[in-house]
Structures are given as structure tokens and as C-alpha cells.
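Here you get one chain, nothing else, as C-alpha cells; it is the form predicted on its own.
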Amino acid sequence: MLITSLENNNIKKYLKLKQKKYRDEEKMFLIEGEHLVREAYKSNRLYDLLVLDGYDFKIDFSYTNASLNIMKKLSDMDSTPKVIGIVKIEDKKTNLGNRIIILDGIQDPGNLGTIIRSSVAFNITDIILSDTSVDLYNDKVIRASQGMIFKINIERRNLVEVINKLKKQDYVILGTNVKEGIDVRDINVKKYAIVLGNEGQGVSFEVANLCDKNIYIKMNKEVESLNVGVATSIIIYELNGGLK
């Protein structure tokens, strides 16, 4: 089957997924490119698949061919992808793991994508986003994650509520402070949640007050601070055992 009309019911539905409102309503989002589609497929998250007419895409999944015009309309990339997937948004997990990242007001989609990718690399079990953080299904977040968005549990919750709940379950809540606290290399905890804040304002006062300890990365004094994506990657690398 070949779809050429923008009036096709499925295409009209999928075009709406470019807006957060409809992603939330439909519990689905768009992905572009072969790598992301294959990662979604391996994670059993792929709902539907569109392939550019004339392109031979090798995958064990039923797909529909679409015209170049359709693919261009659905895409947010400069160069039109040959494959576009429609992916299901998963429900929240009942129980969280022992290694959690909590993000308070992260705004840059590239930073969030980087944090997701590093979290999978260094064995973080869950990521909790504040209500004020960038949309998880922003196309730039998805691309920056390099498909790792399908390999880790990520939820949006009220941070004060979730932190208070974690404290009752004996998690150590680790705040981050550029100049004060404990060197991250000296921390030895097995059940923790690391709180990282907004790129400009840091962690909100209300959330910071709930932290049990503050940690920092020892670095050259000529550098005032690190990008939050870089800082998160270093912290979770060290907590994962570093070079041991």
C-alpha cells in the first residue's frame, strides 16, 4: 500500500503527534531514521512504520510506503528520513530501581538526551523529570539519546512527592553543588537518587532542602561549572565504579 494524500486518516493523526498536547493524548510519538526505528522495534515499542516509497527497508515488521511529500511533512529534520516510526508511550513502572536520577527543570533537549544516553551506559535504573522539564518526546531529545530512550524507565512526577517517598524507602538523596559538598569519588552508596537542576538556576530551593548530602566534582579552579549533561555523566560514571 502506498499513501500519497495528507488527508489519509492515519497521516492526519500522526501529523498531530508533532505537538505535545496530542502526544500526551494519544500516548504515542514519532521517531525518524533507521537506527531509532530499530531500537524501538527491539524494545517492542514500535506501533506503526512508514517507509519512503521505493526504499527497501529490511525489518521484520509490517510497514506502509509513503510518498516523499508525506515523509517531509512528518519530519522535523533538514534531510528527509527514509523511515519514520510511531512509538507507544509506556505506562509508569510500579517500583523504581536503586540508582535514580532526578532532573529539576532541565530545559535543553540536547542535555536531556545526553543524560539519558549516559544513564544507560552507567547503569542508572530510572530517570524522574520534574513537571517543569523539557518534553521527553521532543524530537531533539529523542535524537540526542541515540535510541537509549527505549532502554531506561523515564517518568514525569512531582519531585517533592517522589523524593519524600524515596526517603521513606531508605534512598540517599544526593544534591549537587559546584563548590561545596563531598567529592563524588568519596561517596559509597548503593541506593540513591541524584538531583540535578536547571541549566541556569540549578536545583530549586524546595527540592534542595530535601537532599541528604551534597556532592561535587573536583576540577580546575579556572572552570566555574560544567554543562549539566557533562556533569551528570561524570557523576554517574564515578558512582558506577569509575575505572575499577
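None of these values were measured; they are calculated from a predicted model. Sequential numbering from 1, following the sequence displayed.
Keep in mind the form predicted together with another copy of the chain is missing from the figure; the text below concerns it.
- In the predicted complex, V184 approaches another copy of the chain with a heavy atom inside 4.5 Å.
- Although the partner is absent here, L17 lies well away from another copy of the chain in the predicted complex, with no heavy atom inside 4.5 Å.
- Under a 4.5 angstroms non-hydrogen atom cutoff, another copy of the chain in the predicted complex lacks N10 among its neighbouring residues.
- Within this chain, S130 is remote from the site of another copy of the chain in the predicted complex, having no heavy atom within 4.5 Å.
- When you look in the predicted complex, the only residue of K140, R157, K82, R117 with a non-hydrogen atom within 4.5 Å of another copy of the chain is R117.
- Three-residue candidate spot M219, V223 and G229; every residue lies within 4.5 angstroms of another copy of the chain in the predicted complex by at least one non-hydrogen atom.
- Note that among 158-166, 90-98, 120-128, 68-76, the stretch whose heavy atoms approach another copy of the chain to within 4.5 Å in the predicted complex is 120-128.
- Looking at 1-28, no residue comes within 4.5 Å of another copy of the chain in the predicted complex, counting any heavy atom.
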